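Here we start with a single chain on its own, the form predicted on its own, put down as structure tokens.
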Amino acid sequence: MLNAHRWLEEIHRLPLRDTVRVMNVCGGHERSITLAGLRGALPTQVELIPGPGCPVCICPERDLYQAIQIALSEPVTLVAFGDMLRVPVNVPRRETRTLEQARSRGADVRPIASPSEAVTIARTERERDVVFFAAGFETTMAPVAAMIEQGLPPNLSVLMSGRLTWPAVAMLLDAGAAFDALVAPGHVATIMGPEQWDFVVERHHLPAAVAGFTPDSLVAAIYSVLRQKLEGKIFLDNCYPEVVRAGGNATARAMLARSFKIVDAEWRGVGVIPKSGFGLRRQYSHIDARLRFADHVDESRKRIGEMPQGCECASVVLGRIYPDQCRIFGTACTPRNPVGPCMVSDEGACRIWWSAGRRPTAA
């Protein structure tokens, strides 16, 4: 396989005349693209668009609000993946806006890096209820499913906020999204199989390629979709063959199917996307924190659950604007004081662009 420099040479030899807009779905892809400076290395006709692949960015406010209220009001330990602790909800500043603030106000909120840590905490502190706020995409939900199948300690429950990646892209394409090709996430394809992205080619007739996270794999995928576009030979290419196989990981997929049902789900700032969420199956209702702590569900959060005032994260995750086109990027909204979720997560496009040195243009 050629390295990134050779792939870039091949791309610059392509007879590109018109602009080709390529969406890279995954936040990990966006981080690699931005930190490697790939946008500046590509021909000016190639436009790379960050997509909706940041689970922290799209986690619905209703779920965040319930997690905060459980942590504040119940004698529990609430654990969540680290980035989730800093995501704000739309309440007045005098109220508790994040899980991190809930912790500073006395709630027992702890960041974890893997589901196994939630199990360890529950087993270590048997006299205390533990709630695992589980947000993420397919690659995160697979180990959550494994954790559930292995059996949870009786004091551990799960507040589910898992999502599938492909329905958001399908929604964008069905709505007439203005991009010409797709770079699909390799880690999701490793679990679910590359076939999950066949609809991009078959239904929308757009070039697509699955990519890993190195510049070599990413630039190979970009070359593939550009060449497909030029030659009119549209197919789904696998540019991450070392780990992505047809059918994906059969064991992980089976665990996902046994633990979860697929449900219509809300994406923050976007709305409800059909069949885009993971929900616990009925036999696991006894570990469902959403049911156990139903008193802390605020249905009005569906209506309130847009991005904060002035924040344009929804337009960023939908590929409508670049991060630095948001009115508050780098001014009112910075990693130290994030207004919107895209500035919180390491997979959020705004945080990535800021970390790479992108700053707002002076007026």
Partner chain sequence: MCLGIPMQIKSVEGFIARCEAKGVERDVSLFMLAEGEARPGDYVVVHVGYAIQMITEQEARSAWELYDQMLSGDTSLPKEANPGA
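Positions refer to the first chain, counted from 1. What you see is a predicted model, and the numbers here were worked out from it, not measured in a lab.
The protein also exists as the form predicted together with its partner chain; that form is not presented, and the subsequent description refers to it.
Among residues of the shown chain, A265 is not one whose heavy atoms approach its partner chain to within 4.5 Å in the model of the complex. Its partner chain is not shown here, but in the model of the complex it comes within 4.5 Å of a heavy atom of F213. Put simply, A294 is far from its partner chain in the model of the complex: not one heavy atom of it is within 4.5 Å. Taking the partner from elsewhere, P153 is found to have every heavy atom lying beyond 4.5 Å of its partner chain in the model of the complex. Listed residues I287, A102, C239, M147 were compared with its partner chain in the model of the complex; M147 is the one with a heavy atom within 4.5 Å. V56 is the sole member of V56, L318, V46, M307 with a non-hydrogen atom lying within 4.5 angstroms of its partner chain in the model of the complex. Using a 4.5 angstroms heavy atom cutoff to its partner chain in the model of the complex, all of H5, L8 and A252 count as contacting.
Looking at 37 to 45, 333 to 341, 318 to 326, 66 to 74, the stretch with residues near its partner chain in the model of the complex, meaning non-hydrogen atoms within 4.5 angstroms, turns out to be 37 to 45.
Shown without its partner, the chain has A113, S114, P115 in segment 101 to 115 as residues with a non-hydrogen atom within 4.5 angstroms of its partner chain in the model of the complex.
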